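Before any questions on binding or motion, here is one chain by itself as structure tokens, the form predicted on its own.
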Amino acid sequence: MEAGALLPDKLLSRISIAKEELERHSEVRIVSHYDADGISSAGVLCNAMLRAGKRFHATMTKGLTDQLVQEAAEGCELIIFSDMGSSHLDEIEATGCRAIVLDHHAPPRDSEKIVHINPHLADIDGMTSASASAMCMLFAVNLDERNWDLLHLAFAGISGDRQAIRGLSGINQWLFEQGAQRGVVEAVPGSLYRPGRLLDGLYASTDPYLRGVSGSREGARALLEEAGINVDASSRDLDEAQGRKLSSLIALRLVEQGVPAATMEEAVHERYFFPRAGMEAGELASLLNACGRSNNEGMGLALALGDPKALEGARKLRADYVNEVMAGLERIARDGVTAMENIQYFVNENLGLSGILCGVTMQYLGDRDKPTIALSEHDEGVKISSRGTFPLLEQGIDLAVAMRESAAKVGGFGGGHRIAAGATVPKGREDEFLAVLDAMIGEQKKKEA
């Protein structure tokens, strides 16, 4: 979709059908994912339901299972799945419950039995051009024009799923253009350092991740002193020369780490500020992500619903989460990862950290020529996260397909996006899974070559 483009008719017709479906019911069951995009999606939907006078019951979950689908459908009038559902159409259809799916993961098929809203069905890439929260936002503003005030939640999901790192496109771009016309959102230049107190931002920085600075207050303080900046300064205190000096020092550190220019360019992508919320999308995404990854999804949803106490609580959770992330990254930087022919992997005890650790390792700590895999034991089996890069996609790698098919061969299941996907496999079969995945990634590369 080019700038100023109209939304596809196929997508709008599905949203219109979903609107009619909602109008026939007074109570809604909402089931959403637990990450930033999932909580943002649920936040958009719950706020829209309140405005529409609908009763609702919302649940955030790490993954959709047959049992959860069945339990959610029991006795409900209408169920909405957000940031999940497209890979579980068989199970959802089997319940016989009226259902709407607002997802952005590549679906194996379409459905005629439920209202299935997915950008891929309208030839829009859900990996780069439409987060789940963006899909929920489209639904919300078609319900009520007043719901444009929820756009900060949608952009928290867009930011949380890293869909803005190469610029906005598709539905994300359309939402920005419409929001900017209404004075809801402003684009601001990005930088290699985060807005706010610089010492805290450098300590917590994962994109970019700076060896000896990220996770080290002493290292962050030393970098600021080298730049001639007061250690208590905020980003808004810097003059142009100070900002350039700090950015240059960070860039030099990244070059010394072997970080390519393309990765640095992604790290300084444009940011999106929401005056009414008084916050950038990335800031809100980090708070929601910390809530979800620390098993406090309820606080994340409360924050999305505007509870000021939840904002204070989320900031405390984020501080603890950042410390855990930095400890995990320090361990990986020290111990390294296990390399196979076509993939690299590490074992992580904390399931909630797997995604962020996997992503940072892929970009800043590991071999950028091999997808990064993180394994975590869980009650349901071994949970697996995977991350790639755009250059790897250009080599033919599709992690969504590779994770799904490799997991299926060992009695598990998986899916996601080409650049980031997940899977669950039975305990004791993870080595077999890794071998199958390694071979499949190799075949994908050969096929493209």
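Heads up: residue numbers just count along the shown sequence, starting at 1. No experiment lies behind these values; they were computed from the predicted model shown.
Form predicted together with a small molecule: not shown, discussed below.
Scanning T59, N47, T424, Q395 against the small molecule in the model of the complex with a 4.5 Å heavy atom cut-off leaves one residue, T424. Proximity to the small molecule in the model of the complex, defined as a heavy atom within 4.5 Å, holds among A402, V31, I419, V28 only for I419. Every residue of the trio I165, S385 and F390 has some heavy atom no more than 4.5 Å from the small molecule in the model of the complex. The small molecule is not shown here, but in the model of the complex it comes within 4.5 Å of a heavy atom of R293. Within 4.5 Å of any heavy atom of the small molecule in the model of the complex lies no heavy atom of H152.
Taking the partner from the other structure, the small molecule in the model of the complex has a heavy atom within 4.5 Å of a heavy atom of G160. The small molecule in the model of the complex comes within 4.5 Å of a heavy atom belonging to H105.
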